[in-house]
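Read on for two forms of one protein chain; each stands alone as C-alpha cells, with the labels structure 1 and structure 2.
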Structure 1
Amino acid sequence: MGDLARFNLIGTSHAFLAAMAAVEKFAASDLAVLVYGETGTGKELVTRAIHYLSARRDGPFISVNCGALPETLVECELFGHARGAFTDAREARPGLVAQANGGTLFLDEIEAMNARAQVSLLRFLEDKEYRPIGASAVQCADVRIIGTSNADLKAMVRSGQFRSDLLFRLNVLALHLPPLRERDGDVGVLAETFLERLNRRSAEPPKVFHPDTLDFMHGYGWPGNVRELENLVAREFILASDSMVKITNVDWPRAVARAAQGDAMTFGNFKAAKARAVADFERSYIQALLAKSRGNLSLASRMSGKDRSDLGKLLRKHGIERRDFN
C-alpha cells in the first residue's frame, strides 16, 4: 500500500484495498487492462498508477479521451495517417500509438470507439501492428493499452456496438473500481485527507469539520464519487465563515452539473455532448435516488415523482441494480 500512497490513492475499505491489490498485480504484468467504474471513482488515477508502477514507467504515458473525439477521428488520432491520405493531408502524421512506443496508451471512454477503430485496435493488440490511414505498409509499436469505461461493455457486445473479440482481449485484466458509497468508511478518510490538504495550503488557522458533516456524508449517495466529495470539500472550505466546515446538504443541480462537466464541456458535436450529459444526469440522479430510498422503488417513485415503470426503464438503460442499494 505504501507505494500507492505516492499516487494519492487513498482509502482503507475492503473494497478499495482489494482493487488496489489488483492494481499492484496488474502493474507487474504487461497485458492490456480495462478499468471500469462510475464517474469520479479514480479510473484515471489508477491508470497512471499502473503505468508508473510498471516496467514501462520510464516510457511515455499518452492519453486520449475517445469520447471527446468525433467518432471518425479516433482511428486517425490513434494510428496516424500517410501523406495524401485525404485532401488536406499534406504531410504524414504519426498517431498516438507511435508516440506511446515503449510506454502506455491510455484509452479513456473506450466504449466510444467506432467499429473501424475497434478492428484496428484489435489487430494492434494481437500483432503489435497497425497501418496508418492511407499508408501501404504496416508499422510496429510496443505499447501497452489501458482502457477505461463506465459503460456496460457486455451489454454493448450483445447489442452489436462493441466487438466481442476486442472485449475478450481487453477484459483479461479487468479492474472494477467500486463506487464511493460501497467503500465502507472511505468517505470519512477521504474527506479528512482533502481537508488536511487544504489546511496545509492555507495561511489561515486550520479548519475542522462540523460534527453534522460526517453524518451527512455517510448518508449521502455520492453519485459523482470521489471527485464530487473532493470538489464539495474544496468549495465548503472556501465558503466556511469560521473554522468549522459544515456540509449538510448538496446543491443538486450544481453537483450534477459539476460531475457531468468533464464530459459535456469537452467537445464539439452538440447532440452527442447533450446526450452524454443527459445520460450522466440520469445515471447520477437514479443512483442518488436509490441510495436515498435504499433501493425501494415505491419510495423512489414517490420521492422523484416518476412512475415506477419509468424508473425501471432507466435502471435497465444504465445497467443499475436495485439490490445494490438495499
Structure 2
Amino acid sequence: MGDLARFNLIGTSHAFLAAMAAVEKFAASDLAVLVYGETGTGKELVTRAIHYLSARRDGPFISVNCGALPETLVECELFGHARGAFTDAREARPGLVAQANGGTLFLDEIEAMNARAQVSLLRFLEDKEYRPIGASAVQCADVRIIGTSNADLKAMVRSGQFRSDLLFRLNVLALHLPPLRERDGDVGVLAETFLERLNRRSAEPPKVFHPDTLDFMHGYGWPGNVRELENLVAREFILASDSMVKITNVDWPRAVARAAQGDAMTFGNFKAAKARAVADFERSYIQALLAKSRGNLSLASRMSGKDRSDLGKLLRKHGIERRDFN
C-alpha cells in the first residue's frame, strides 16, 4: 500500500485496506470503474490513483464535474463540435473525450447527467466512437471512463432518473469507499498525519493535540468524512494560541454542525446548502489565517499550503480586506 500514500490515501483499518486492495487491482485493468461513497471519502483521490497506477499513467487525466455543466452543454463539452455547428461555433473545438484520448476521463457526480447525455455516453462506451456536434464523420477515442457518485444509482434507475443500461456499462468494476465512521482507528492516524504536515509548513514551534482531542474525534460521527477532518485540523491549528491544538466540539461551519444534529431539512436544496457550508468555512478559515499571519499573505500562503494567488482570490471572493489584519 506504500504507493497509495502519495495519493493522500492513508489508513490502517480493515475497511480502508480492503478498498485500497481493490484500487490496485482495478489499476491493472482497463475496464470502466464506478466509485461510490459519501462526500469527503476520497473518491477523486482514488480515481487519480487508479489512473496513475495504470498503464495509462503517461496519458492525460481529464476531470469534469457533471453537476457543474449546464444541461444544454453536456454533449458539447464531452464530444466537442464542428465549425458552424451553431451560431457562435466559428471554429471546431475538441471535447473532453478527445482530450482524454490515450488516458482517463473522470466523470464526477455522474448522477447529474441528463437523459440525452446519458444516451451519448452509453453509445461511446459500447464502441469508443462518437460524433462531435455538427460533424459528419465519426471519430474514435481510446479512453477509460471512471465515474464517481454519492447517490444511490440503483434507486435512480428504479425511479427512471438514470439509465439501467448505462449503469451496467459503468458498473463493471464497482468500488464503495467506507465512511470515516466505519474505519476503526483511522481518525487518529489521519489527524496526526494532517497535523504533522501543518507543522512542517509552519515557521512556529511544532504543535500537538490536546489529550482530550482524540477522545472527541473518536466519538464524533464525521458527516463530512476525511475532508471534514482535514479542514477542522487545519482551522484549529491556525487558531491555536499555544502549542496545544484542542478540538472538543465542532462548530464550523455552522451548516455542518446543524446537519450533524439532524437539522438538515431546514437547509432546502442540497447544493445550495453545501455551497453555504463551504463559504462559511472558507471565510472563517481565511480570517483566522490572516489574524495569525497579521495580514502577511506570503506567510499565510506558507502556513496554509495554498498558493498566494489562490488566497488572493478567496479574499476577493469573500470581500475580506487584508489590511484589517495588519
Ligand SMILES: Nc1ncnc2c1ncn2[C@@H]1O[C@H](COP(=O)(O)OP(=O)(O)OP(=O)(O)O)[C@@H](O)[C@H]1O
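Rigid core (definition): largest C-alpha set, two forms, superposition within 1.5 Å. Every value quoted in this text rests on a predicted model; they were computed, and no experiment measured them. Along the sequence of structure 1, residues get numbers from 1 upward.
- Remark: structure 2 matches the stated condition (the form predicted on its own).
- When two forms of a protein are overlaid on their rigid core, residues whose CA moves 2 Å or more are considered shifted, and residue 14 is not one of them between the two structures.
- After superposition on the rigid core, the Cα of residue 52 moves by less than 2 Å between the two structures.
- When two forms of a protein are overlaid on their rigid core, residues whose CA moves 2 Å or more are considered shifted, and residue 280 is one of them between the two structures.
- With both forms fitted on their core, the C-alpha atom of residue 315 sits 37.6 Å from where it sits in the other form; this compares the forms between the two structures.
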